[in-house]
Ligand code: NAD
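In the form predicted on its own, a lone chain appears below as structure tokens.
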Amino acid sequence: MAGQSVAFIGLGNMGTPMTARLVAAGVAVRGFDVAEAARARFAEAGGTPASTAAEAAAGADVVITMLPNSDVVEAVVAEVLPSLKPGAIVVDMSSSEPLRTRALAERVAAGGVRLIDAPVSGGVKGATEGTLAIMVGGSDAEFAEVRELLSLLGKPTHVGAIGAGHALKAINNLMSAIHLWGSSEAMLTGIEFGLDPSLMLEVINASSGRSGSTQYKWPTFIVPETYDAGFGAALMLKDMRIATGLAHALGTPSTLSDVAVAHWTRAVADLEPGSDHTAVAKWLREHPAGLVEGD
């Protein structure tokens, strides 16, 4: 990591605290975001803002992207590719589509640039505290090259070849979303029956029904009705669709997963824009019938 110059593209809810950690660790970071306010926050944290993505990436050893989806990632990579020096490595920490990530890596390799994927789990809290779970897809050598840098942001784990990180991130979030929906239906049934939610969680979390939703999301964000875990419902749905899309492409079973996507699609459409993913528990309480016939 010593002497590496780093560019960071995407200074939103996750990118801002991530770059702040890099800067605080003494890393020289040039950053870009389409939002002027985001660039201003980055500058206040000690980063060097650029006026374009290409300007930020020019001459950088490592370019990190934290962007909304594969469409944006591909557009940004196409923009910055001419300004990258041979041998530079692009680290896509966005939640992108794994098969498209593989194809993009092949395209940039023709220009002498390497691309790996390193999506994260842990939300804004993990980004702020440097405790993100980072799932890295790429070669052993590429992982070794960025491991120290990524360790400033959390715990990087090499999970396979290019695209493996994006696949695992989407699969993890699909499972998380299914757990949250099922846990919420079960909890609301118990509450309606007259059971105390805190007591329910105490017993469930010592039993076989426990999950991350019962151990963390329900007691921390749903029982207090704050619904502010720091990860949007629409983003959760996007990752669910990436996972089911991968299943469809590979011909693996996705019957329950497809039903979960349909339920989440209805809830996200009804929720206020920008709602946290834990707000689906509130939506379920207000819409006990869930999907109605004909939806």
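Computed from a predicted model, the values in this text were never measured in an experiment. From 1 onward, residues are counted along the sequence shown.
One more form of this protein should be noted, the form predicted together with this ligand, which is absent from this view; the next part is about it.
Among residues of the shown chain, Val280 is not one whose heavy atoms approach this ligand to within 4.5 Å in the predicted complex. This ligand is not shown here, and in the predicted complex it never comes within 4.5 Å of any heavy atom of Ala20. Using a 4.5 angstroms limit between non-hydrogen atoms, Ser183 is distant from this ligand in the predicted complex.
When contacts are judged by a 4.5 Å heavy atom cut-off, Pro219 does not count as touching this ligand in the predicted complex.
Only one of the listed residues (Val91, Leu104, Ala177, Val76) places a non-hydrogen atom within 4.5 angstroms of this ligand in the predicted complex, and that residue is Val76. Scanning Val113, Val72, Ala164, Ile204 against this ligand in the predicted complex with a 4.5 Å heavy atom cut-off leaves one residue, Val72. The three residues Gly10, Phe231 and Leu235 all sit with a heavy atom within 4.5 Å of this ligand in the predicted complex. Picking from 80 to 88, 152 to 160, 93 to 101, 139 to 147 the stretch near this ligand in the predicted complex, with a 4.5 Å limit on heavy atoms, gives 93 to 101.
Within 4.5 angstroms of this ligand in the predicted complex, the stretch 118 to 138 places a non-hydrogen atom from each of Val120, Gly123, Val124, taken in sequence order.
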